[in-house]
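The chain below stands alone and is given as structure tokens, in the form predicted on its own.
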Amino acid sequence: MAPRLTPRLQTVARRVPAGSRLADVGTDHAYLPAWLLETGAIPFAVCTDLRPGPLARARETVERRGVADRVSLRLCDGLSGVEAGEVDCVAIAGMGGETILGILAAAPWVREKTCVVQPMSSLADLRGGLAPLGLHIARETLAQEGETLYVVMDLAPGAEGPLTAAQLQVGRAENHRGDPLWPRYLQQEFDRARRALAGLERSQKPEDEARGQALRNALAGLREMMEGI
């Protein structure tokens, strides 16, 4: 039996379509592709990383788990070493939202693929930056590890439409439909925005006024979402 993944990576794994040839960007230990290969969920994976150290760890993992013959390890920046025809799905987990956007922007062919991304920061920047790339968020799934909530996004072809301040912060409510962690996530982000606004209201900097108004708009939208649960 394949070793269990963390809840965060389990959630990413569940969003990878069965039978896909996977590109795992920033693979590090290659736990995600190794698990998917061991369980028969996918037939082949390209594992990329920017640094030799993580790629060496990935090699150790796939060799130890007996799947090295179905893995191609690539030392490259993002998807720069991957050809469009090699994969059907791209997974990018554990990076900042702005870094994820940069990787997607540098490989325009991802518009024709399934993409599963799990940002660690700058989620609003990621949500707001997808439209120019011709991508939109089809679904958001939450994963919990300890007290921390992580967001996994399914990206699909077609430009993301305009998003409200609240939607930039938490995503569209319909993309979270049926997720048991959605109420907790809403409350968490509402509290985060309220604390940020309290800090800004003590500021005398003129440039903070626009940020403060965006947070007030986000709080109003988040309150509506909470009332609609």
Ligand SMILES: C[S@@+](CC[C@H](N)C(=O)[O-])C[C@H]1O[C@@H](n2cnc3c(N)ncnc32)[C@H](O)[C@@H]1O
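For every residue, the number given is its place in the sequence shown, counted from 1. Small disclaimer: the values here were computed from a predicted structure and weren't measured.
The following text describes the form predicted together with this ligand, which does not appear among the structures shown.
With the partner omitted here, the residue from Ala143, Val82, Ile103, Cys89 that has a non-hydrogen atom within 4.5 angstroms of this ligand in the model of the complex is Ile103.
Of the candidates Ala156, Leu149, Cys76, Ala131, Cys76 is the one whose heavy atoms come within 4.5 Å of this ligand in the model of the complex; the others do not. The three marked residues, Val16, Ala23 and Thr114, fail to reach this ligand in the model of the complex, with no heavy atom of any inside 4.5 Å.
Stretch 92-100 is the contacting one of 105-113, 92-100, 135-143, 122-130, since its residues have non-hydrogen atoms within 4.5 Å of this ligand in the model of the complex. Put simply, Arg195 is far from this ligand in the model of the complex: not one heavy atom of it is within 4.5 Å. For the chain shown alone, Leu50 is a contact residue for this ligand in the model of the complex, at least one non-hydrogen atom being within 4.5 angstroms. Shown alone here, Ala214 lies farther than 4.5 Å from this ligand in the model of the complex, counting heavy atoms only. Among heavy atoms of Leu9, some come within 4.5 Å of this ligand in the model of the complex.
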